[in-house]
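Next comes just one chain, in structure tokens: the form predicted on its own.
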Amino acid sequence: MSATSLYVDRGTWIHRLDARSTLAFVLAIFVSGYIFDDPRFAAVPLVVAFVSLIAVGGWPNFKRLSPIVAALFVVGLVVWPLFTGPGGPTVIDLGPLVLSERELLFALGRSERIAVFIVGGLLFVTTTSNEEIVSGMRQLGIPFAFCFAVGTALRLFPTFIDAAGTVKQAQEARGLDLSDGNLIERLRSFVPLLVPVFMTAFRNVNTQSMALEARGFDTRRDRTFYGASSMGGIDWAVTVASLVVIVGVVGLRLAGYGTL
């Protein structure tokens, strides 16, 4: 992974796909993860996305974001039981903390859903360069201003992570201990990192916007793309298979599968 992109240059079959068919493949993973409440069903697209990500060389990207994935997963397990009613036998009974089977499965399913979106998104940006993403979205007829915003956000994301690592090291040098205490205390110790990290991100965005204005950048002009690809046979096969998966999971949900 470079400092400006999450893209990993490999020769896998997913890397060779057109950006539009890769987007269809990832969209099928997103829909499959989103549509089911039962964590046993939602686990299938999560496993597919994770195995695919590792197979295409995306482990460094996942390892880098694993603290965020783990934090969101744990927070989801804590928060989501508040949004559903109890049902089934009691699974956890720790004094004031009582969780029924339905509450626990609901929270686990929602946390898996968030993980599917993160891992699936990582799979997309790991196998598709920023230029291919912008070109593919433009070929789908999406306005260039939106395509440019997506490409810029993806380009700034690694910089944002690097800035977070730099701020973390600077705060630890000043005595901040991020490894002491229980889980809640450790999460709370990350709060002092938020202000300098976001200030750094805002400064980078402001610098880039001024540079674009100085060069007379205009998103309303028609654009051409160097090396714009066309859909081949494998691309159409993946796209059709993805659409079949989307229709299939929607049909399963309407038939009552994957609900709690």
Partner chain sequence: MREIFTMWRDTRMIMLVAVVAAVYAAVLIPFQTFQIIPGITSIRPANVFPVIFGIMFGPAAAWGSAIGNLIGDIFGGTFGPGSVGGFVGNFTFGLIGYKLWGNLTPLSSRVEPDFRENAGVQLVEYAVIAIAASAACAVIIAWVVDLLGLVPFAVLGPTILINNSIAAIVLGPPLLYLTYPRLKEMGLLYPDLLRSEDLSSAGSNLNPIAAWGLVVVPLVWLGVGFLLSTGAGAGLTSVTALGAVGILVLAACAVIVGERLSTIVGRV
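Residue numbers count along the first chain shown, from 1. The model shown is predicted, which means the values in this text are computed figures rather than measured ones. Rigid core (definition): largest C-alpha set, two forms, superposition within 1.5 Å.
The discussion below concerns the form predicted in complex with the partner chain, not included here.
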(request) Mark residue 125 yes when one of its heavy atoms lies within 4.5 Å of a heavy atom of the partner chain in the predicted bound form, and no otherwise. (result) yes
(request) Please run the contact check for residue 176 against the partner chain in the predicted bound form: heavy atoms, 4.5 angstroms, yes or no? (result) no
(request) Report whether the minimum heavy atom distance between residue 51 and the partner chain in the predicted bound form is within 4.5 Å. (result) no
(message) Residue-level question: is residue 229 within 4.5 Å of the partner chain in the predicted bound form, judged on heavy atoms?
(response) no
(request) Just give me the residues of 135-167, first to last, that have a heavy atom within 4.5 Å of the partner chain in the predicted bound form. (result) 145, 146, 148, 149, 150, 152, 153, 154, 156, 157, 160, 161
(message) Aligning on the core only, does the CA of residue 62 end up 2 angstroms or more away between the shown form and the other one?
(response) no
(message) With both forms fitted on the core, check whether the Cα of residue 214 differs by 2 Å or more between the shown form and the other one.
(response) yes
(message) On a rigid core superposition, would residue 28 pass a 2 Å threshold for CA movement between the shown form and the other one?
(response) no
